[in-house]
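Have a look below at one chain only, the form predicted on its own, in structure tokens format.
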């Protein structure tokens, strides 16, 4: 029972960070989604040692383990879009493949560029 209460508390702590990210976004009007701001906030808190990994580890692990359940409604909703996939399937496939491959190579070249600059100094 104590483990469940601890995990629920950790999930609530993660939700509070998410909520703060949304509040920061709405108060400042930044064009970045609140959940992304929350992830940045979580990163900063963990990096600075303000928030210890032990405080959120079990709750985050539970959420990651059951992440698939969060995508089930989207997958079911896609079933209504069969005609779109039938008519534009090739275009969608090319867009998805290129949208995955192009950033991969761009990031690789940028990393190699900066790594090359470090060796010359």
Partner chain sequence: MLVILFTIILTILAYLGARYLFMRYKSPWLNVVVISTAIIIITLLVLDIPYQAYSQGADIMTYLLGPATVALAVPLYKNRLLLKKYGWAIFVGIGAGSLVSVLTAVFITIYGGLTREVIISIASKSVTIPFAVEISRLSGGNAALAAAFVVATGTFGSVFGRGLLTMMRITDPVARGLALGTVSHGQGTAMALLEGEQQGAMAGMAMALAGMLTSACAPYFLNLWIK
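Numbering follows the first chain given and starts at 1. For the two forms, the rigid core is made up of the largest set of C-alpha atoms that agree within 1.5 Å on superposition. Everything numeric here is computed off the predicted structure, so don't read it as measured data.
Note that the form predicted in complex with the partner chain isn't included here; everything after this is about it.
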{"property": "Proximity of residue 28 to the partner chain in the predicted bound form, heavy atoms at 4.5 Å", "result": "no"}
{"property": "Partner contact for residue 3 in the predicted bound form: the partner chain, 4.5 angstroms, heavy atom", "result": "no"}
{"property": "Residue contact check: residue 14 to the partner chain in the predicted bound form, 4.5 Å heavy atom", "result": "yes"}
{"property": "4.5 Å heavy atom contact, residue 86 and the partner chain in the predicted bound form", "result": "no"}
{"property": "Residues in 51-76 with any heavy atom within 4.5 Å of the partner chain in the predicted bound form", "result": "53, 56, 57, 60, 63, 64, 65, 66, 67, 68, 69, 70, 71, 72, 73, 74, 75, 76"}
{"property": "Post core alignment: residue 107 C-alpha displaced by 2 Å or more between this form and the one not shown", "result": "yes"}
